[in-house]
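The chain below stands alone, shown as structure tokens; this is the form predicted alone.
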């Protein structure tokens, strides 16, 4: 089970100017109760698709059926997607499989090597193509796109589809699984025409909330992750965050602290700092969830608000040596969210050597888990001494259950913060212009006027080139 510890975000730890006071909590209580009731009303009415995913047995059955079909004959799996179609896959794999997973032999892995291509950097794609050239017959391409027209994913798909056609021939479609709209769209139509296996992208779940749908579950199941336990953890957290007594509800307390930090304490930057490399992917997943959901120009009534705390990721203890100097002595404009692990998947004991070296003797015989825990506590204390607020999300262990809990907790907190900020947390209008400009710059039919508009902007002016 995961738990929230928030003393270090209070005035007791960092003073009333930067920490949450009892009066702050009293003042925000009516808003928190109203936000929780509004979100729960949406859940009861079936308006929040992500809230139904932990109990969605149909998706689970379809995912497992395809995984059981493909896992025995697949050595390598390529996920083609971007944003919400990639970050959840990366986070689950990084958290729940060894860092050396792709280096293990085909026999000892228990699933295919996984490569998530979340960008169109030419070297990334070319190097992957070169690696898999001789294993095409045992490579599975998993293309994820609701429409099929996202430029990055579409271009990757065209490249890998042709690679399979070239290497395999007429049977190429047997090595592609498309996760897309169940009824319509470019990728849906191509899949139907070519004969790919398909899984649905839920109509009512936005990409950044989709990790517990087939979008994230299929690659997880293929790589040996227990998706039943993952969904079970999410279901357990769903029950916890639906509790009406907000001071006993981790989602409500975390939302209250984040909202007060942002609106009343001058903390527009929210840093997530896991003390585990395995959880670093979750920090990346959080950044998209938080930024796309809460970064909005307009309130629900159309007024300009330019809302949204800025999400930042850091890694403990690595970034104690790169970012903490700024966090302690730079602008006091950050709330730190530590992720702490009580029991790591594996541990290493430091050898009992150098007893006669004063600067090293204290490390003799200690476990690395103890050292990392001390690093976290030391950083938490150092932040507190500098009046920098923090909260800690405590993982009893890194397991499918705890990761499922974390995912659902942050999705629900995002919904609560959308209510508190009075913005639409489920659209992303600012993303669309960049997509359309890409279409125009690449010469897509129908975007000629926009291309002409862009042309003066992109024309190089040599006086600014040095």
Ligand code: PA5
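Not measured: the values here are computed from a predicted model. Positions refer to the first chain, counted from 1.
Omitted here: the form predicted in complex with this ligand. The next part is about that form.
Exercise: residue 249 in contact with this ligand in the predicted bound form, heavy atom 4.5 Å: No - in the predicted bound form, heavy atoms of residue 249 and this ligand never come within 4.5 Å of each other.
is_contact(residue 214, this ligand) in the predicted bound form, heavy atom dist at most 4.5 Å: No, residue 214 is distant from the partner.
This ligand contact at residue 150 in the predicted bound form, heavy atom, 4.5 Å: The answer is yes: residue 150 has a heavy atom within 4.5 Å of this ligand.
Residue 274: touches this ligand in the predicted bound form, heavy atom cutoff 4.5 angstroms: Residue 274: no contact with this ligand in the predicted bound form.
Region of this chain that lies against this ligand in the predicted bound form, out of 188-196, 288-296, 103-111, 131-139 [heavy atom, 4.5 Å]: That would be 288-296.
Residue among 178, 383, 222, 82 with a heavy atom within 4.5 Å of this ligand in the predicted bound form: When this ligand is considered in the predicted bound form, the option within 4.5 Å is 82.
In the predicted bound form, the residue from 207, 316, 281, 311 that sits within 4.5 Å of this ligand by heavy atoms: Partner contact (heavy atom, 4.5 Å) among the options: 207.
Contacts with this ligand in the predicted bound form, stretch 427-461 (heavy atom within 4.5 Å): The stretch touches the partner through 428, 435.
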